[in-house]
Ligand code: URA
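Just one chain follows, in the form predicted alone, and it is written as C-alpha cells.
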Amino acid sequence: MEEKLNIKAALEYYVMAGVDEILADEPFGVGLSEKKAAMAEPVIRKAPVILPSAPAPSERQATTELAQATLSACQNAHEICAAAQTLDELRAAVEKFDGCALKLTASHMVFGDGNPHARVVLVGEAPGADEDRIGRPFVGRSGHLLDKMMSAIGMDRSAYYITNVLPWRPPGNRTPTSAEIAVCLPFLKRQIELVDPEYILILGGSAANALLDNQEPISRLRGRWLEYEKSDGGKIQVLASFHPAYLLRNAAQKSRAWSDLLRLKKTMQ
C-alpha cells in the first residue's frame, strides 16, 4: 500500500516539475525500485477546456415563446382591424381580443369616444385610473383640463374624436412596454382610418413616438406640423403637444400648449 502511494506521489511530482521525457531506457524514481517505476503508467494531465457559457435552455425557450406570442398577437390584431368596417365592429372585436396581458389587470376596455366623423382626432397614451373605472377616455383630472382647453378654442367632444394608443390601463399607470404598444397600435391606426380626419392632435411624447414611429422628445416635436401616413398612402397633418397630465404637474408649460391649440384652430379655419 505504501509503495502504491509513493508511485502516485512520484508521478505527480514529475508532472508538476514539467518532466515530459526519459533519459534512459527504463524510468527510475526517488525511493522506488527500478522495476516498480518501470511498471508504473505515466499520468497525463490535460488542461481543462473552458467553453463559453450559453444561456440556459429554459431562459432561451421562455424568450422565444414570448417573442412568438407577441408576433402572433400582432398578426391577430392586424386581421381583426382588416375585418372591421365600422367603429362599432372594431370596438366589439377589441373587447374580445385576448392577445394583450393588460386586459387581465384592467377593469374596462377604453375605446375611442366623440364624433366618429370629426375633422380632428386627439390621441393620448393610455387610460388612467378614472378612465379604467368608467370605460371612457380622458374623464379624470387631465380629461377635465383638456375639455376646458378645447372649449377655449370653440370645440367640445361633439366636434372631435378622442382615443389612446392602448385601450387598457397599464397597472399602476406604468409606462407601456414596446410589446404592448406593438400589439395595440393597429387598433389605434384602424380607428384613425375609419374616422378619416384631416388633422391629428397627439397628446404627449409617448403617444407621438408610438404613432409617428420615432424617438424624438415632445419638446422637439411640438410646435410644428408633422405628417402621418395612412395604410393607403394618404397623409394626415399632425400636431403634437403636451399631455394634460403633464400640464397639471408643470403649469409653466400651459402657455406653450395654448399656442399649440391656437395653431390647430388657425389651420382648421
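Everything numeric in this text was worked out from a predicted model, so none of it was measured. We number the residues from 1 along the sequence you see.
The protein also exists as the form predicted together with this ligand; that form is not presented, and the subsequent description refers to it.
Stretch-level contact analysis of 183 to 191, 147 to 155, 71 to 79, 117 to 125 against this ligand in the predicted bound form, using heavy atoms and a 4.5 Å limit, identifies 117 to 125.
Although the partner is absent from this view, Pro137 contacts this ligand in the predicted bound form, with a non-hydrogen atom inside 4.5 angstroms. This ligand in the predicted bound form comes within 4.5 Å of a heavy atom belonging to His243. For the stretch 161 to 197, the set of residues having any non-hydrogen atom within 4.5 angstroms of this ligand in the predicted bound form comprises only Asn164.
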